[in-house]
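We begin with a single chain expressed as structure tokens, specifically the form predicted on its own.
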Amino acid sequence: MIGVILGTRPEIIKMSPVIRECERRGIDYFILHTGQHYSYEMDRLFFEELELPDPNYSLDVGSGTHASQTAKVMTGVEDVLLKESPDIVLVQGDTNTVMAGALAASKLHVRVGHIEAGLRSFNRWMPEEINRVLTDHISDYLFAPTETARENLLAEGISNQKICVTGNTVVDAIYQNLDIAKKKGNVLNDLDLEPREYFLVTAHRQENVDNRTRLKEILRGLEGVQKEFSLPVVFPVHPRTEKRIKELGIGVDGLNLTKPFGFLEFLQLESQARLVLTDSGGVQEETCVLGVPCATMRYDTERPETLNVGSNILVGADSGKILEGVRSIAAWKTGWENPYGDGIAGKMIVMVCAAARSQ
């Protein structure tokens, strides 16, 4: 039996190819949703949109300090693992759910597979970096998306025998879910947008939105982009970001602030944007796969492959640098090579897990 542990919307998206492959192969598995950022009821739309089965277990741990959230996830995961006794547990990414789920499984001597292993920003101030490193070092199977990620793991003394370079499940998810998205409505029509005639923005990282100076600079930079290019800047506002904007009393001018979208709607917007500005790691990957230029509002990234192929640049959290960066890439042509594989990562991961169950 395979235990699939997830807790955030990006994890649902990137785990969707693995879940679909388990279904296709008739493999016994269960889904445990921790509800790290949202309750399961709020995330139910994602499962429905992506045509995935409902989770078997929902913890609804909610937000909180890193310590309290990690403790709640570990306690809840431990209870489920004792009940189900899976052969292997799969976690994806770098959240508290990932680290806590992997640690709970490891303490019970349940094998752990880490999807998207080996990513490094080399910035230990980021809580995600701590989660990545700890999870990699207690995992039994490390599913690295690229050769760069594999090299990071080897440099930290992890055995090559534990590592499997699979590509990134984001490629599978985009290919599979674009097909689903095409059957749904057209969000561009709903927002009165023309393809390649708008910018798309996401911002949610703690180091950006919890810092008044950085958040204000990001918003001023986005306002500058809108004024200079006279194109809509569509900004689906993450609940954390919306809360901080209100708490800090920061005015916003000229931006098209919207509610968060479901993944299929966001995928439509992302695939047709002229350029995307983000602080999200997953969006850096998605734009690279979709052939859409990306400006990352951070000073480092655990996705250096996007920089290397020329789909992405770092513009930091400075209004002038953001505007300068958009100027430099607004006229980019697509055509870079996708470094994240050919869309079979989910199949490879499940194949390794199926073999592991017989050992």
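Just count from 1 along the sequence shown to find any residue number. Being a predicted model, the structure only gives us computed values, none of them experimental.
Not pictured, yet referred to below: the form predicted together with a small molecule.
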(Q) Counting any non-hydrogen atom inside 4.5 Å, which residue from Arg150, Arg120, Arg214, Arg205 sits next to the small molecule in the model of the complex? (A) Arg205
Q. Pick from Gly224, Gly282, Gly76, Gly167: which has a non-hydrogen atom within 4.5 Å of the small molecule in the model of the complex?
A. Gly282
Q. Can we say Pro10, Phe263 and Glu286 each have a non-hydrogen atom within 4.5 Å of the small molecule in the model of the complex?
A. yes
Q: Sort through 231-239, 76-84, 249-257, 150-158 and report the only stretch with a non-hydrogen atom within 4.5 Å of the small molecule in the model of the complex.
A: 231-239
Q. Would Phe46 count as a contact of the small molecule in the model of the complex, using a 4.5 angstroms cut-off between non-hydrogen atoms?
A. yes
